[in-house]
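In structure tokens, the next block holds one chain alone, the form predicted on its own.
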């Protein structure tokens, strides 16, 4: 199958999932063509079945803002036509689904039919999509897609509750590459961070308000009073400066390290004892899944799709948003040496259910169904 994947090439969850999906499809022998404005951050190896097409956005004095959506639609037309693609899979509704609709209409004038699958990832629905400025376009783009997937049941229901959707949304969860995200022998790193045998707690995110990173620090401050611990914060974003100020005010600077953006986050997760995810909204919780694959139990909120991933009392615990007292109590319970190994095993076993080899066939099956339905509609139309 010849598949075009359109995504944001950044560190965000949608870009990561789209890139990892493309890489997994290429390993199965599918020809995968990425169409983005820069090379995806995780498109980090060569394969004869992987291709990259850069969207060139030119600026003109007439435009206050570069017309990215038009450039993207034009590039889709070019790649579909010249690479003979079978299907387009766009990740994130705005502007990818709307640009794909435009490309599809242009291609039809050339006698080319290309089905489009749109995958909803989260903030394209829960934040951007609900903005009155974009809601009509989001609704239209979803309904105009030939297939629609969502990464969790919660996100599917959220979409149906807030938009007038007239088509099926299929839930295909996010996944993890167990071959990459697995516990590695990094004892020297653990010793350097925790020289006196402290427990190591990790949080990774883009440090936006929705992640409630201040709650991470509050939970840590409560835990360290009972269990000697260190905290590693991976990522960067608008809330980082405030977090640094809080660390100084709380006097925890010696026990907290800001690592910034890391490509090989699995190396940090390999030595972690606990992962914190305190978000007020998460459509799935990919960072938590990657931690679990590295045998790290998770304390998460009950927001969005997190309860569908983190099994309370098995892979960690699920708590109310903002309830840092309970989060700390559960963290202390997990970090007790008498309990820790049980939760590490529970986290790994849960992560294995989302291994890429289990999820990839769901996408391949959906591609085939969508292609067959598109061909049937095209035949009837003639």
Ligand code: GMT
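Positions refer to the first chain, counted from 1. Keep in mind that what you see is a predicted model, and the values were worked out from it rather than measured.
What follows is about the form predicted together with this ligand, which we do not show.
Asker: Is residue 180 one of the residues lying within 4.5 Å of this ligand in the predicted bound form, judged by heavy atom distances?
Answerer: Heavy-atom contact with this ligand at 4.5 Å: absent for residue 180.
Asker: At the 4.5 Å heavy atom threshold, is residue 285 in contact with this ligand in the predicted bound form?
Answerer: Yes, residue 285 sits close enough to this ligand in the predicted bound form that at least one of its heavy atoms falls within 4.5 Å.
Asker: Residue 220 versus this ligand, in the predicted bound form: is there a non-hydrogen atom within 4.5 Å?
Answerer: No - in the predicted bound form, heavy atoms of residue 220 and this ligand never come within 4.5 Å of each other.
Asker: Classify residue 115 as contacting or not contacting this ligand in the predicted bound form by the rule of any non-hydrogen atom within 4.5 angstroms, answering yes or no.
Answerer: The answer is no: residue 115 has no heavy atom within 4.5 Å of this ligand.
Asker: Just one of 208, 257, 162, 186 has a heavy atom within 4.5 Å of this ligand in the predicted bound form. Which one?
Answerer: Of the listed residues, the single hit is 208.
Asker: Answer with one of 149, 174, 278, 310: the residue that has a non-hydrogen atom within 4.5 Å of this ligand in the predicted bound form.
Answerer: Going through each option in turn, the one that passes is 174.
Asker: Taking 4.5 angstroms as the heavy atom distance cut-off, pick the stretch from 245 to 253, 292 to 300, 208 to 216, 188 to 196 that is near this ligand in the predicted bound form.
Answerer: Partner-contacting stretch among the options: 208 to 216.
Asker: Give, in sequence order, every residue of 89 to 109 that has a heavy atom within 4.5 Å of this ligand in the predicted bound form, or say none if there are no such residues.
Answerer: The one in contact is 92.
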